[in-house]
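Only one chain comes next, encoded as C-alpha cells, the form predicted on its own.
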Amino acid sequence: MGDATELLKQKLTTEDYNRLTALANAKLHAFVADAIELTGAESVYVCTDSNEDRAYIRALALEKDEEIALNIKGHTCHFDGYYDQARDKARTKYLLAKGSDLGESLSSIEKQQGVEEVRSLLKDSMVGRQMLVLFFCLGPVDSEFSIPCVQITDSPYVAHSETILYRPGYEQFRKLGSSDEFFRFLHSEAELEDAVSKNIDKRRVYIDLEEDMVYSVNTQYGGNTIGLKKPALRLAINKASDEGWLAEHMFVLGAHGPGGRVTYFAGAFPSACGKTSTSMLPGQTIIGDDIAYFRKINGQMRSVNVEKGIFGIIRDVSAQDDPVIYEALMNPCEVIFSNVLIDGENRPHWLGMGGELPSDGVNHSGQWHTGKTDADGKEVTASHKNARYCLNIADLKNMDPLIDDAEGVPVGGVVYGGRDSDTWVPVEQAYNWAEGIILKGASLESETTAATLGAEGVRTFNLMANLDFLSIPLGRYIRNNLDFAEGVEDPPLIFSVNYFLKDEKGKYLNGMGDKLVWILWAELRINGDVEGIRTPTGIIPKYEDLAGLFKDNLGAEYTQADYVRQFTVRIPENLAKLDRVEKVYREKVADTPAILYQTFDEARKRLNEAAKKYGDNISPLDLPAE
C-alpha cells in the first residue's frame, strides 16, 4: 500500500483503519486514500454490515438535516434542491479513451479531459466533513451474480438510501481478497445551501467503463448519486457484454398459475408505462421492480434482482391502485420519502394519493401554499411530479420467497411494454426468440404525455426500455440479446403488452386492473395450457380464454365486443411503426445487425398479405387458430 497506508493511518481512527485493512485489497485501500486526499475529508467512517453502522447512518442523516423524521416510526423525508429533481442526462457522460466510440446515441467525453474536470470539481469538496465508506453487493451475496461495490460519499442521505436498496457487502469484500473485480463510486454533494447542493451548474456524473468507476458531484438527487442504481447498470451492461451475460432494465415477477405453479417473468417498460404496477400485480409475488441480471445456468436462463429495495415514483400511488405499497407507506417500517409535501403534523402527502391535499406545508421549494409559483412564474405543485419513496421489498407482503436465491429464478417469459394509443394489441406472443427481441424489444416505442413533457402523443424510440443506460453500441447490445438464447434448452417466450390502447374518440379500451389478465394469459401460454390465434405480428389470445380469466381473477364480464375492439390487428399502424423504427436504425445505428432488417421485411410481407386477404383492420375472429 505504500503512501496509501500512511495517509489512511493519519485520517482514520484505529477502529476504522482496522475495519478497512481487514479487507486485504490494495486497490480498495488506494481508492479510499485517493478520495481522502482529493476531497480533503476531515474524517472517515468505514461501515461494516452491522445493524449498528446502519443505525449510525440513519441518525447522521437526521443530524445533518438531509432527512427529517416523520410521524410514523422509521419514516423520514429528504428534500433535493429545487433544480436537482431528476437524472441529469446532459451532464452524464462516459469517459472514453482517444479513438473509442460508443456511437452518436451515447454521450461521452475524452477520458483525460473528463477526469481532470470532475476531479477539479471534487477537489476539497469534503473539507470539514466526514467521508462515508460503504460496501454493498449487487445481486444476492455468495452468488455467480454477485458484484461487490464500494460507495464513497459525504451524503448520509445517499448512504442511507443505499442501505435500504442494496444487500450489505462488507463480508463480500472480505471474501474477495486481492481481486480487483469490483465497482467503485465516488460522490460528493459539495457546497451546500440550506442542506442541498448549491452549484447545480457544476453537476457531473462521469462514468469510466475501463476502471468500473463512477464520479458524481454537486448533486443529491438519487438518480445522480445512488451509485449502485443506474450508474452501476451502465457499468454492468459493459461488463456483461464482455463476459456473456445480460444486465437489463427489467422487473422480475412471480406469476401464480393453476395448482400453485409459479412462472417467472422479466419485463422492460419505459417510464410511466406500468412497469412497477406490473411487478406488483395483486395475487402475484415480486422479485424486483427495476434492474435484473441474467445468466445461463445448467441450460436455463435465470435471473436475479440486483437490488433488495425499491426507489419508486410515488405519484399516483394510492390505496386503490397500489394497495401493497400504500400499506407499507402508511405503517411503521424504514421508508425515505423524497420531495413530497409535509404537513404541520409531519405527515407526507403526494400527487394522486387520494383525498384532498393540504393547502400549505413544506416541500422541495421550502414553505409551500396552494398557488405558489417559482421565479419563472411556474406553478409549484404540492409534491414534485418525480417525488419518490425508498423502501425494503422485505417490508411488502408480496415479496417472493426466492428473492435472495443465489442461483436466481428460472425465467419463463419476457415482457416488453410501452405507451401506445393505436398499434400494439394488449398482449401478444412473439413467434420465436429472435422475433421477440427484434419486433418487441428492439422496436419499443412510448408516447409522451402532456403532463410530463408538454407534448402529448410524441412517440419516442426506447430500445428495450434501456436506451438511457446503454454503455455499449446499440447494435452490439441487440446482438448480445439475440445470441443469449443459444445453449438455453427452452428459451423464455417473449410477449408485448400495451395498457394504453385507445378507441377513435381517445378513450382507453382497458381498465387499470386488466394487466393482470394479460400476464396470467402469458403464464398459461408458457406452460402450454391454452392455444392462440396467429396474426402477422405474433400470437394473440382466444376470446374464451380471456373471458374466463376476467371472470375468475377480476370478477368481471369480458364481452366479445371488447375483445374485438382491443385485439383487432391494425395493419397501417403496424406498417408505419416498422417504418419509423427502421428509420432510426438506418440513420443512427451504424452497427445494426442485418437480421433486424430481414425480420422487419418478413413482418411487412405478412402484414401486406393479410391486408390483401382481410383488409386494413382485421378482427381476431377472422384469423386462424394455431
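The numbering used is simple: start at 1 and walk along the sequence shown. Remember, it's a predicted structure, so these values are computed and weren't measured experimentally.
Beyond the structure shown, there is the form predicted in complex with sulfopyruvate, which is absent from this document and is the topic of what follows.
With sulfopyruvate left out here, work out from 439-447, 142-150, 203-211, 225-233 which stretch has heavy atoms within 4.5 Å of it in the predicted bound form. Contact-bearing stretch, as computed: 225-233.
Report yes if any heavy atom of Phe79 sits within 4.5 Å of a heavy atom of sulfopyruvate in the predicted bound form; otherwise report no. Phe79 lies outside the contact set for sulfopyruvate.
Heavy atom of Asp290 within 4.5 Å of sulfopyruvate in the predicted bound form: Taking the distances in the predicted bound form, the answer for Asp290 is yes, it comes within 4.5 Å of sulfopyruvate.
Even though sulfopyruvate is not shown here, does Tyr264 get within 4.5 Å of it in the predicted bound form, heavy atoms only? So Tyr264 does not count as contacting sulfopyruvate.
Is there a non-hydrogen atom of Trp350 within 4.5 angstroms of a non-hydrogen atom of sulfopyruvate in the predicted bound form? Looking in the predicted bound form, residue contacts with sulfopyruvate do not include Trp350, since no heavy atom lies within 4.5 Å.
With sulfopyruvate left out of view, choose which of Ser100, Ser421, Asn398, Ser271 has a non-hydrogen atom within 4.5 angstroms of it in the predicted bound form. Among Ser100, Ser421, Asn398, Ser271, a heavy atom within 4.5 Å of sulfopyruvate in the predicted bound form occurs only for Ser271.
Just one of Lys515, Lys111, Arg167, His249 has a heavy atom within 4.5 Å of sulfopyruvate in the predicted bound form. Which one? Selected residue: His249.
Heavy atom contacts to sulfopyruvate in the predicted bound form at 4.5 Å, residues of 295-315 in sequence order: Heavy-atom contacts within 4.5 Å come from Phe311 alone.
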